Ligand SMILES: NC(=O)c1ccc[n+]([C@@H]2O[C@H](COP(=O)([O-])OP(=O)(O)OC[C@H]3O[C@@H](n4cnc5c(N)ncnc54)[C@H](OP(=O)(O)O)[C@@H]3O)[C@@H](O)[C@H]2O)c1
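There is one chain below, alone, in structure tokens, taken in the form predicted alone.
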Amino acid sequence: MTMMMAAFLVLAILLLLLFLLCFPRQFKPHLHIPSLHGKHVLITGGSSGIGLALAHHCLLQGSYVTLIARNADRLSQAAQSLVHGNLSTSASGVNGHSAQYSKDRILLKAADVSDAAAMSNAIAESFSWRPIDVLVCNAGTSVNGLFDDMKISDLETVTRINLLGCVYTIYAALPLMKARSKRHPSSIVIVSSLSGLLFVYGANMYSATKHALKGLAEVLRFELLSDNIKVSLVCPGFTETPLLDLADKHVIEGNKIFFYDRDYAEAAKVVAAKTMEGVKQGKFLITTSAAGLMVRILARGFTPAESLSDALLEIFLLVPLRVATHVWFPFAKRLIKKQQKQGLNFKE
């Protein structure tokens, strides 16, 4: 009898999951921000990679955009690529129109996210231009190598940009956003990485700071429950951005344990589109790939799935994935030890 009940329960879950996957429109999520048209989106690290792709996507949706980055020349080049419609991430706009944007919809602010005073000024000036509806903390960097080969200055740089850069940005913007968010739904978007849910071999401080961003996002999510400000933690996988160019032999060889192949890296424009769709829905944990789905299931912690269909899918996959980790772990150890014996972990 017990076996029959268990079989019936599994069958019911599978049928419900099949129904939800086949008829998703019956369960449309409530949109925290129904449209980005006319909204002001501020993006740090906006001169290249995911940040620039996010700017492009938001402008296509009719947003106003502030781009913040350290290098004024690169910011100017990024703006020109948007204004003249020659951005490599897209060749056409909405309804067949050219993807060109007037300069009055783009504000550029050259500032170092690791400088609290500079970020405070940049945020205040951006807010005075237009109130910020979506704050995207995207700036990040990595210095690769084994931990005991790293310079103290490199450890500090990665920590200041990846972690404190996000902290300073949110700290400066939050009082301004809270002052109007009760009537204007707003969002804070923290761009982390799948390495914030597992790890990237050879990029120790990058992984550590991305893990820290998950903790920051979880705390802020609850602190802002009464302020109509949603927090989204975005965790893309390997993405085709300039950051991948920083990958050294440790990252390239070591992450073969995750079947890393740059040819299959995600496109920045795909990450940007999935990110903003999740932000509009008010999702907390946003992944952008099949690998992200698996990692998300294993690393959720106390964060529940945000829809019934997601919950059922994750419940269905959790046990097989946990079993798979026991197969993967010995494989990963053998591969890393083999590489270490070959001298890949020693200075040239």
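Just count from 1 along the sequence shown to find any residue number. Please read all numbers here as calculations on a predicted model, not as lab measurements.
Quick note: we don't show the form predicted together with the named molecule, though the next part is all about it.
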| query | finding |
| --- | --- |
| The named molecule contact in the predicted complex: residue 210, any heavy atom under 4.5 Å | yes |
| Contact of residue 281 with the named molecule in the predicted complex (heavy atom, 4.5 Å) | no |
| Exercise: residue 292 in contact with the named molecule in the predicted complex, heavy atom 4.5 Å | no |
| Any non-hydrogen atom of residue 48 within 4.5 angstroms of the named molecule in the predicted complex | yes |
| Sole residue of 144, 193, 187, 126 within 4.5 Å of the named molecule in the predicted complex, by heavy atom | 193 |
| The single option of 224, 170, 216, 161 touching the named molecule in the predicted complex, heavy atom within 4.5 Å | 161 |
| One stretch from 197-205, 177-185, 272-280, 133-141 that, in the predicted complex, holds residues within 4.5 Å of the named molecule by heavy atom | 133-141 |
